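Structure 1 and structure 2, given next as structure tokens, are two forms of the same protein chain, each shown alone.
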Structure 1
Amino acid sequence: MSGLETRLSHASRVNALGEMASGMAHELTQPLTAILAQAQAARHLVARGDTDRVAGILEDVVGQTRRAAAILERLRTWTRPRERNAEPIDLRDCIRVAETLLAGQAAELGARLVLTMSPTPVTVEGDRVELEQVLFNLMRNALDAVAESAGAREVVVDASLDGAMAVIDVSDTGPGIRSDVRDRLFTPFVTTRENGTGLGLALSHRLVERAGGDLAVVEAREGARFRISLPLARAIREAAE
């Protein structure tokens, strides 16, 4: 089961690459365009003999290059099989990674990604890539849902603390979940998407459980709302003591 789960997790990441590609291209276009513009500006300044301003431009080039490298590193991390590595993780960082990967898709849909974050760290213990994958799956599903909406297209991710628990809600303004699949959403191969595999939610549920938490559908006034509940890292340590 463990080996099958690892292969399924890897396959899910690889299958997601096609949908991530447009978002990655969008994100890479920004730093590469900035690098080109700054390099041209530096060349123009050097030709004029105005070298004093070149150093500042080169610092910007370095920053944009590091940004592009970080985007590519996240893509490389997602595509390779890896051993599970539990560590303290601030879930706010995982949410920002998913936001970066999905920014292009959101822009194409004319949708807003709204992040409501706790001002203090929301630290749990788990595998960083697995939790990033869960959040990516939920946020991507939410964007797919709002694509069907004729009204406001909005995906809201709320990260908060509730006692000894970290709670993340992913809500959308889409059409909601059909009653005939609601109770089977986390069953493998159940999907409401035309080209969906029916594995994303099932795998996400299993990965959250493996981190000691729960993934559930909760009531929403409109659209759909998924809730991740995970014990805070300090609560795990205190229980062990």
Structure 2
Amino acid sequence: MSGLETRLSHASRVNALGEMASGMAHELTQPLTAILAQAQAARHLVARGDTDRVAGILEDVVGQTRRAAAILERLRTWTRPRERNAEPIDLRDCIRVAETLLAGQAAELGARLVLTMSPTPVTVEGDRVELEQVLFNLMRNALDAVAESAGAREVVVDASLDGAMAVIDVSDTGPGIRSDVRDRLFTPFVTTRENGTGLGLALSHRLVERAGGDLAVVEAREGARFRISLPLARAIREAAE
């Protein structure tokens, strides 16, 4: 990727951060709630001399602190300008990360976020943060789309294997894609959103291509459907042998 693209990608990540902040805040309150309750429970136990159980509770405090630290670490990897690092990634994990970050937005919209996942790993070669970002962008766009819908608000993310390919479909029950932007969807700065930057899809497209795959709009009965196709890591290995 050129210097400009690296900066673009960084800018886009930082832009998405604002939208992630609320999801992140909610995520962090869970371990904090647990830690506070554990500490206060341990204080009661110590006060009455019942110290046998305290060691176990402290273990749990450590565990929850690590959980909070991992959430912060994810935030840092998103904000830090970074070198690309390709490794085997189970796309189901990326989908779950994006789901966690968007659960709040979905709840506010009264939208259902449905994941239908292959029971076996959907492992591709790519950069974790980049792929998480692609999934986050597509799922957030889908939620934005269903927000305009008066009927059922549903976003379905389907992860499956098709021969040597991983196929991820992100479908929504929104109004669909306007015909005037359909051909320019992946062009930078094309947006239908009032405060959109027009970078999300363009960047996602480029990131998927860079991992050796493709991002495309496919026909859907209603709403919009985006499909990510990426070669499975095992197929890449076999081809190399």
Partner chain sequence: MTAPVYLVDDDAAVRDSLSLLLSTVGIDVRTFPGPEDFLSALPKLNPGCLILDIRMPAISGLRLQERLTASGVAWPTVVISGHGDIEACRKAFRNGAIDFLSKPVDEQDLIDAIQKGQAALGRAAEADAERRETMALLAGLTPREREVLSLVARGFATRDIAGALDVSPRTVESHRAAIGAKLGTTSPAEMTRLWIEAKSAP
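All residue numbers here follow the sequence of structure 1, with the first residue given the number 1. If you superpose the two forms and keep the largest set of C-alpha atoms that fall within 1.5 Å, you have the rigid core. As the structure is a prediction and not an experimental result, all values here were calculated from the model.
- In this pair, the copy labelled structure 1 belongs to the form predicted alone.
- After superposition on the rigid core, the Cα atom of A216 is displaced by less than 2 Å between structures 1 and 2.
- Core fit done between structures 1 and 2; CA of Q64 shifted by 4.9 Å.
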